[in-house]
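One chain comes next, on its own, written as structure tokens: the form predicted alone.
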């Protein structure tokens, strides 16, 4: 009997958008539409598919370890987690940018090679950008909460964070100083699954690509 292919989807808006995309190629999971459900694993028996919801940063972990064959999460998380997985498709939604932001006067600090303090939820991305692209020495300060607060209270010179609309920045007198990279939702695949289930997985990828 055909084994189940398992999807790990990022909870919230990304899961909703992913399910919309999957429905457009004939992959549905009615169980997931029941918002009152307490289930953790959702199944489509006919197509031999399983789905579960996870926090964004956990999706690459589930995929790397083979608990999920396929995952959908943000490019920022894929870069930060740096797991041994294949990134196979840009799904073209959940678009935003990873940027270096701060007060306008901080722009000057980014053109020199002096040490600056950078607050971020994404230390790996920030370190890679400053060390490998700008060749600038930085003191990375890892935060979990509101990153915009860091330059306002004097904890950091700049921040490395996701920018969608930029409204929060403007309201606090901050602005985008440099763009690190564009971000969006991406589909990732377990390396062993890509070999063992190549035909089924490639079929899904190709059908989704045609809808983009």
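Positions refer to the first chain, counted from 1. None of the values given here were measured: they were computed from a predicted structure.
The same protein also has a form predicted together with a small molecule, omitted here; what follows describes it.
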item	value
is_contact(residue 37, the small molecule) in the model of the complex, heavy atom dist at most 4.5 Å	no
Contact label in the model of the complex: residue 178 to the small molecule, heavy atom within 4.5 Å	no
Residue contact check: residue 145 to the small molecule in the model of the complex, 4.5 Å heavy atom	yes
4.5 Å heavy atom contact, residue 83 to the small molecule in the model of the complex	no
Candidate stretches 182-190, 55-63, 162-170, 28-36, one within 4.5 Å of the small molecule in the model of the complex by heavy atom	162-170
